[in-house]
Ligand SMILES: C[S@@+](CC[C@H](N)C(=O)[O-])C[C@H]1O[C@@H](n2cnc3c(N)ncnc32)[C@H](O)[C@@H]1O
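Take a look at this one chain, the form predicted on its own, written out in structure tokens.
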């Protein structure tokens, strides 16, 4: 089993019944949901990652199947890249929808490895731990992972910050990285319903020092959001919501359905 590292002293953590503990007696309680919080204390009033409302919106939206084409593509790619005993990290795992699919597809193809999930949002990673009890989940910044160098075979990085140096540190030589980023026209119609001047996303920079880009895959699909609840959920689970003023947010209250372009780029790298 892969060991987590103590965020205080860097020693190896050992899992006991309800706690992770290092040899220096630093201990971290395992929450009822099954995850462990390895983040340092947050400054008062500071939000870390997705809050409860955003996590609930993402859970509701993904449960309706709108992104099933992406979830399936990610899971299949992981099953192809991961060997039967691979150690895999979902870096920025959110509430675990993708993580669940990855585990199921890999297990169906004979995978016996270890699955980990990390997210800076304790609310999100708590849900992920409940959704995928077979995995190990911890709240941590993906910029400072509590993992030993060269300990992972595969990292999955979906719509979350790309921590190039840290990912390179924890991947084994020859390990893989799967990134998913939005393409230029992703959710353009949603932005047009909110903003007077909707804008396309800038092209993703795919170069990464120490990584060799093996291949890319583009996924394009137009989805029809069939209720205002789904329109609001999609907006709330994006970064746009908290960057948008109250007046623009209100524009979606009258939108009962919406056809939206989804454009995803999957990029596979190797160290």
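Numbering follows the first chain given and starts at 1. Note that the coordinates shown come from a computational prediction; the quantities given were computed from them, not determined experimentally.
Not pictured, yet referred to below: the form predicted in complex with the named molecule.
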Just to confirm, residue 159 within 4.5 Å of the named molecule in the model of the complex by heavy atoms?
yes
At the 4.5 Å heavy atom threshold, is residue 142 in contact with the named molecule in the model of the complex?
yes
Do residue 62 and the named molecule share at least one heavy atom pair within 4.5 Å in the model of the complex?
yes
Might residue 121 be said to contact the named molecule in the model of the complex, defining contact as any heavy atom within 4.5 Å?
yes
Select, from the options 90-98, 107-115, 195-203, 182-190, the stretch whose residues sit within 4.5 angstroms of the named molecule in the model of the complex by heavy atom distance.
90-98
Exactly one of 163, 147, 86, 136 has a non-hydrogen atom within 4.5 Å of the named molecule in the model of the complex; which residue is it?
163
